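Before any questions on how it binds or moves, here is one chain, the form predicted on its own, in structure tokens.
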């Protein structure tokens, strides 16, 4: 009788430890995602200032500036799922990269102190977002491993935990950069 009680106690302890581990990993993912949200808020606040500064100089890139403004509006609406938010953020990153490349065609803008200050703030913001993405992807990996590996996968299934998406680099940003194309006049 004592042996059955000890075995039941050990099994209960194992289940409690697995449950707590899963809840901990889920909360770490949510915490990491909220850190990214805080960084993205900083980015969203920078976008209107940057766009307005650039707009005065870049009349030809009007469509690009409009797309960035629309994406920012969509991102701050708060009506996006995690996967939609990841998609919008990847699109904003790509478009903002286009602005920074287009700026090379505007010497007055490149030397404008307001633009230089915004560009510095933008670079710092992007570096912080990149670090937050790495931390998020690490916690997602731990979480996804826990919900897919035996024996925690059985408990995760009962708790209805689903696999989380990583922040991934868009395919167009995975291509090699041609130095030859960068120096074309």
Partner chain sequence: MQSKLTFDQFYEKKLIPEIEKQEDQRKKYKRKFLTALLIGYIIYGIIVVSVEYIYFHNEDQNFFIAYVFCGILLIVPYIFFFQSFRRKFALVYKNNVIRKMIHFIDNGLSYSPTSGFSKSQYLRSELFKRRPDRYKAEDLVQGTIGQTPICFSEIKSEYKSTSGSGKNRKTQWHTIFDGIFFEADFNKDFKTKTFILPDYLERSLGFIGKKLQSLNVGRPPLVKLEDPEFEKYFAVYGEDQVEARYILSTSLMQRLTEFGKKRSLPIYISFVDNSIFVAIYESKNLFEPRIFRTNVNKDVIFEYFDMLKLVTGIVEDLNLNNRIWAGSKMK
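Positions refer to the first chain, counted from 1. This structure is a prediction, so every number in the text was calculated from the model and none was measured.
Only in words, not in the display: the form predicted in complex with the partner chain, which the text now covers.
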- line: For the partner chain in the predicted complex, the stretch among 63-71, 43-51, 119-127, 153-161 with residues bearing a heavy atom within 4.5 Å is 119-127
- prompt: Is residue 38 close to the partner chain in the predicted complex, meaning a heavy atom pair under 4.5 Å apart or at it?
  reply: no
query: Taking heavy atoms only, is residue 147 within 4.5 angstroms of the partner chain in the predicted complex?
result: no
message: Within 4.5 Å, heavy atoms only: does residue 142 come near the partner chain in the predicted complex?
response: yes
query: Is the gap between residue 56 and the partner chain in the predicted complex 4.5 Å or less for some heavy atom pair?
result: no
task: Would you mind checking 124-162 for residues with a heavy atom within 4.5 Å of the partner chain in the predicted complex?
output: 124, 127, 128, 131, 132, 134, 135, 138, 142
